[in-house]
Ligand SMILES: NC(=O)c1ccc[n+]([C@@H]2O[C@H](COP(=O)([O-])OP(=O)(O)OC[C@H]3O[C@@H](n4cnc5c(N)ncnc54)[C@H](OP(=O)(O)O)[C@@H]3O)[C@@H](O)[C@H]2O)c1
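Shown here is one chain on its own, the form predicted alone, set out as structure tokens.
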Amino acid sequence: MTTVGEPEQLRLETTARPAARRGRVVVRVEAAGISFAEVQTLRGLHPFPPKPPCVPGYDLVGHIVEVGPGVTGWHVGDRVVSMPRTGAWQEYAEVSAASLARVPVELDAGEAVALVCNGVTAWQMLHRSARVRPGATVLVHGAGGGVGTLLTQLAVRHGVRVIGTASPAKHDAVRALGADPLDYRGDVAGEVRRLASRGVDAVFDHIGGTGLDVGWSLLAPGGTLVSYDSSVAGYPPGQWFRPHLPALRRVIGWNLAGLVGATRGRRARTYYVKPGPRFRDDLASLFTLVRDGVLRPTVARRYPLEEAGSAVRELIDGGVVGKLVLLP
């Protein structure tokens, strides 16, 4: 990525293979994920923007080919995942050893990388942020997306009823995951109230803005709204903070109101996936579910590295069910 712009401006370049510096390793990348984080990065609207020229790519799976000084517990040949947030879209990526987690050798690379950012996000929002219990009802926005398909599967497996918004073209796929699909362009609030008259126990929102007000109004007493992203549509490049401020203001305001007992026990949370011990533990749990046949990450399409621009364009245009993957 040499400049802020559209995905068609991405260029494929050949450089020297990186060397592992202290505390880092070099990974030969098997698969890398494609997400809206890259769309935000390309448009200069990601909350933690790298400065061009840079290599995009939030997460990866591959094998260690070089171990740098000071690294312990990792060896050449180990199969690992990492979430470097940038730099995954290349054949060889140098990443921090502290960011690594192990991957079972039998897992498909595309399915494994779908679990790194998206899967851990879904798991932690369900079990750590909202702490949804069996028997609850939740609203999942974007139930056909990379996070949404996994969140829906995990919730259904947990004994939770899921109402999921998606475009009509994705309704069959959302229904197959075990959710009740709703057209996100329709009267979502009215339909949710019809399906869950007492309200929902959690709302998972990846759009932000005024839509959060609707989600908040649909919460049952004691329910939790989790905001985990914000749409950047319509914002000029470079104003990376502006798309995320409306959500942050709302969450702070609702939680301040909760301190004086004005929210009927409802809570609001923002979520951002972070590496660390919980990340590794939760990712290991997801790998076990996949290995046992309980969870199936949906890989929508696999692109060669040279078609990264086309892959991002497909994501922007919509209609993708699950995760898009790059194969360096």
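In this text, all values refer to a predicted model and were calculated from it rather than measured experimentally. Residues carry their position along the shown sequence, with the first being 1.
If you look for the form predicted in complex with this ligand, you will not find it shown, but the lines that follow are about it.
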Report summary line: Contact with this ligand in the predicted bound form, heavy atom within 4.5 Å, among 220, 207, 196, 80 goes to 207
Query raised in the report: Is there a heavy atom of residue 92 lying 4.5 Å or less from a heavy atom of this ligand in the predicted bound form?
Result: no
Query raised in the report: Is residue 228 one of the residues lying within 4.5 Å of this ligand in the predicted bound form, judged by heavy atom distances?
Result: yes
Query raised in the report: Is residue 23 one of the residues lying within 4.5 Å of this ligand in the predicted bound form, judged by heavy atom distances?
Result: no
**Report entry** 4.5 angstroms heavy atom contact with this ligand in the predicted bound form for residue 29
**Finding:** no
Query - Among 211 to 219, 69 to 77, 101 to 109, 134 to 142, the region lying within 4.5 Å of this ligand in the predicted bound form by heavy atom distance - result: 134 to 142
Query raised in the report: What residues of 156 to 190, in sequence order, lie within 4.5 Å of this ligand in the predicted bound form by heavy atom?
Result: 165, 166, 167, 170, 184
